[in-house]
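As structure tokens, one chain now follows by itself in the form predicted alone.
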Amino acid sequence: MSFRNFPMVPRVVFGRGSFNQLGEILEPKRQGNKAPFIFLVDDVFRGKVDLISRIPLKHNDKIIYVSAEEEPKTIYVDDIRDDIKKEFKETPSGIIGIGGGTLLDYAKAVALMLTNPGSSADYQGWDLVKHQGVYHVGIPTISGTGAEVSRTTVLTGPERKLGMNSDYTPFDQVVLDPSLLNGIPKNQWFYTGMDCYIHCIESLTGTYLNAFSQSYGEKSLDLCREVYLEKESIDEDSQDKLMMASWHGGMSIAYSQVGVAHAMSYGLSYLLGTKHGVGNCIVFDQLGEFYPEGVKEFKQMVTKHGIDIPKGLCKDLTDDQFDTMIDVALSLVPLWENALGKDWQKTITRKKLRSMYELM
């Protein structure tokens, strides 16, 4: 039997105010004065001096603001890569992503596409990336996706929503500064945190489960429960714990997989552009058949925090649109195998998936 030899993020700094060490962290990685650091920053921070003024720009370093309104797309990755290559003669010293899961995924993808030919759509799948990317750093400003620690960058392409899963994808450095979570809108805090909670439920109940995944998943789940069931407000302690829940949740699926909610959420996202965390919640809300205990607890969290899960997204869809979502969901074979085992196709037919989507 051959065991997967997965990479991990080699360097991580954690602590309130650790963002202020970014210049010190980056300087040894600078490849000369003409090779810039490119900072991909969530557009919501445009004009927010308290964050932007702390970005350690030198020489010809550049901030590129990127909208996170839509899920990351291969076409946008390619555009950012092309713009950087057009503007700078030298390959950048590094790419730094500052934002939520969308920005972290963009940073990972752009870093890879600066050293790999073609379109990022060519690399959607498992172990298709052939060359190491440029140095890349992840700085989450919201927690839950696990994008800061995962070996994938999830992109919507012309034909599918699927990650660039490779040993070259993980960040070289991550900065975990819980103070960057200040001011997150409550709905966003909930939906992104539930991405982490759902990761854990799917990992811990899956057929791929092993002691490695279980140890991280159980810790992450405990932290999610503390934050979303025991806490009354988003205080500093809950910010710290959610940041670590996200890290552990991402680690838990490195050596296992997610499941039904993520597979179906990818279908919603591909067709309707539904944000990943929201899509997971919409789907998971209807998955009592597959995750009875997890869904029961999830509904308690929804009630406690007064969150309205969107309904009726699929009520006016055509047969062709349902087929598109079903095709995307069914293409994610490892997720279904983890959830239901090798014979998953006996349970998950096109008709079954259609009836499940119709509830959403």
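Heads up: residue numbers just count along the shown sequence, starting at 1. Since the model is a prediction, treat every value here as computed from it, not as a measurement.
Beyond what is shown, the protein has a form predicted in complex with nicotinamide-adenine-dinucleotide; the following relates to that form.
J.: Please overlay the site onto where nicotinamide-adenine-dinucleotide binds in the model of the complex and tell me whether the pocket on the shown chain stays open or is blocked (3 or more ligand atoms within 2.4 angstroms of backbone or C-beta atoms).
T.: Here the answer is open - the superposed ligand has no atom within 2.4 Å of any backbone or C-beta atom.
J.: Please run the contact check for T192 against nicotinamide-adenine-dinucleotide in the model of the complex: heavy atoms, 4.5 angstroms, yes or no?
T.: So T192 counts as contacting nicotinamide-adenine-dinucleotide.
J.: Do V110 and nicotinamide-adenine-dinucleotide come within 4.5 Å of each other in the model of the complex, heavy atoms counted?
T.: V110 lies outside the contact set for nicotinamide-adenine-dinucleotide.
J.: Since only the chain is shown here, I'm wondering whether E71 would be in contact with nicotinamide-adenine-dinucleotide in the model of the complex (any heavy atom pair within 4.5 Å).
T.: So E71 counts as contacting nicotinamide-adenine-dinucleotide.
J.: In the model of the complex, does E297 have a heavy atom within 4.5 Å of nicotinamide-adenine-dinucleotide?
T.: No, E297 is distant from the partner.
J.: Could you tell me if all three of A147, S150 and H199 have a heavy atom no more than 4.5 Å from nicotinamide-adenine-dinucleotide in the model of the complex?
T.: The answer is yes: all three residues contact the partner (heavy atom, 4.5 Å cut-off).
J.: Within 4.5 Å of nicotinamide-adenine-dinucleotide in the model of the complex, heavy atoms considered, which of G100, G279, G206, G267?
T.: Filtering the options by heavy-atom distance leaves G100.
J.: Just to confirm, with a 4.5 Å cut-off on non-hydrogen atoms, which of G273, G288, G183, G125 contacts nicotinamide-adenine-dinucleotide in the model of the complex?
T.: By the 4.5 Å criterion, the partner-contacting residue is G183.
J.: In the model of the complex, which of 210-218, 78-86, 136-144, 112-120 comes within 4.5 Å of nicotinamide-adenine-dinucleotide (heavy atoms)?
T.: Of the options, only 136-144 has residues within 4.5 Å of the partner.
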